[in-house]
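Provided below as structure tokens are two forms of one protein chain, presented individually as structure 1 and structure 2.
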Structure 1
């Protein structure tokens, strides 16, 4: 064998070895599993509340950041949700067609409406907040709004301006201006504690968002939902909630009717007769630590929230939100008592009004005296009532959630510390 032939054989063997190695590498690459799509059922990588996967069963995608200012949305669907016809859901899709940012279950949307002043019949700008009533989705948001009528004991009082505008004028195809989801009442997920949700009347809407989010993710947290209404005619999405109760062993629906109809049977149409109160919670729940979320009208809030504290539930486990004029203010420090009389001057309205300790806030003082001031959440979150403070100083009853511009104040959660002048 010549040196040339031997060199050729060695070269061929080297080429063969390289080829075999390449084939083995390719085979291994084909057998290697693709990157695992860790869904939100995995406790190791569970996303924060609201950062859920997009609709459908595909891999999780990046969600856009929240927009600033107002964005145009079209009403895609309008659905009456209760037998009484007083609650309607509105499905909102972005006019620009871009994906929607996620939100934290329990948060709300802020709407800017142009309505008609019932007295002057002139166009009136109105800002209002409504809780999101479904889990985060990439293509639409949903809010469910109750028509607010004049109180039965005060028929002369005006009905809810914004809610009646929605029910009477907002139809499929209409365009509305909407701010990005916000609010500091939402599902807390730092600890996998069992949760108790209490929704009174339309206060069920943020609870629907929380329930739908948790169960869609496959969460195994124990979930108790106490839903209080007068009777079945007012119950929202009752069949949906009952289906979830049947399909999920960790979800416990407790329908509470304060005035059930004669044909409605306890144990079949509802679980409890009467209002949601502390004795009911104590008799139904096991003796263990829970996270409590409460949202409802003023009587419920004024009963349950202090009642939970008296039951020795730790404040860190109590989350609540009121709505409309029924807002329950979280007093984080004792309100100061002013010995000297205080005057509040509304510059634009040219009104000088003596401050009354009976007024819960500057916003309430303005409304009681006919001073027109924009407002929304009434809890220091949306910033709609932000007003320039020309002179003086105010005191906040709780920590504001909204960002406040320099030289401004939020009227809904503030009181005057001295004579003040407002640009309103």
Structure 2
């Protein structure tokens, strides 16, 4: 064999090797996206029908715009979520079968129900809001509802109307009237900072939506979830959250039990004994900028939100929502300081009440003085506190989302500008 022939054979072998390597590389590149799609980034939550709902159902698909007014939804599935049996999830599919609009994780649905008035036994219309507790999907929404009992100091009072109606009467196959997702408490996506979510009791629901959305999208944002409950019997979707914590290096679950059961062990069943408070956040989190999202019972809100501000967290990084009476309304506009005393007259109730700047809104003034007014979202979205304004003028503390009929106002986000008379 001549040197020339030998060189040709070596060159041919080298070319063959390069071609094989290129082919293998190409096939690997093709397979990689499929592995990411199906794999580690997807919380394996199920669709109401029970099948995996991940494929092709991501929020990135083109989705229709929100509907106006109420739309009919069928309860496709109902799942009790906690050992105590006080929280139940409802999976809602649209009766018209059309795809659902996406929503911002943290937003809520508004329901119109007809229940029975506990005193008169007559049918009673109710409007209530429930946060979406899962990520956006085109085929169903999920809400998780806690049964509300009479207050401990008023055991003779009727238990919560809407929540007990859901638990006792709403079954698979029932049809409910629902307004499109809305609300101003939602995940801020513009600045992808690390986030700290604090959910107290049923205040976990918007946090579940935020966590499921971010992790399903494969977000690399650092996510801390401080979940405060009395003990494991009250923890909702605990195994789902623990699985996410195991599978995602950027998600840190911190279960905080204020009254752990005897058999529950710190470090195994939960991370912290006691309530979620500023010392706990300070000792757990690194010294860096986070966005804080807080939703929980009144005492938690009243201690944590001002506590974060005292800890020098800037107000642009604190987001919160209260499910109960608004004690911490964030005023987008500074309230006018009135030199003159203002009187608010509630016509139907025949009450004249001096306006107090301590009340965050006309709704709060009415409630504090025993004037019966309807409410739902307490954020200007659902329209249920809309009341006829007979005389005078109000000003809004934030932009109303609900459509307001001429001559009416939304009590939950307004304050009086002068003496006013309301129909309520």
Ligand SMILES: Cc1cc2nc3c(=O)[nH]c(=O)nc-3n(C[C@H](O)[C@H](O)[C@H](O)COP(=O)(O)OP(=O)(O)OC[C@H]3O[C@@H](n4cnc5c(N)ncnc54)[C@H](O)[C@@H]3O)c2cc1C
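Worth saying up front: this structure is predicted, and the values here are computed from it rather than measured. Residue numbers count along the first chain shown, from 1. We call the rigid core whatever largest set of C-alpha positions still superposes within 1.5 Å between the two forms.
**Q** Of structures 1 and 2, which is the form predicted together with the named molecule?
**A** It is structure 2; that copy is the form predicted together with the named molecule.
**Q** For residue 376, is the CA shift between structures 1 and 2 at least 2 Å following rigid-core superposition?
**A** Superposed on the core, residue 376 moves its C-alpha less than 2 Å between structures 1 and 2.
**Q** Once the core is aligned, does residue 396 move its Cα by at least 2 Å between structures 1 and 2?
**A** Shift at residue 396: 2 Å or more after core fit.
**Q** Return yes or no for residue 385: a CA shift of at least 2 Å between structures 1 and 2, with the rigid core superposed?
**A** Where the cores coincide, residue 385 shows only a C-alpha shift between structures 1 and 2 that is less than 2 Å.
**Q** Supposing the core is put in the same place in both forms, how far has the CA of residue 406 shifted between structures 1 and 2, in Å?
**A** That residue's C-alpha sits 3.7 Å away in the other form.
**Q** Would you mind giving the Cα movement of residue 359 between structures 1 and 2 in Å, after fitting on the rigid core?
**A** Its C-alpha moves by 5.8 Å once the cores are overlaid.
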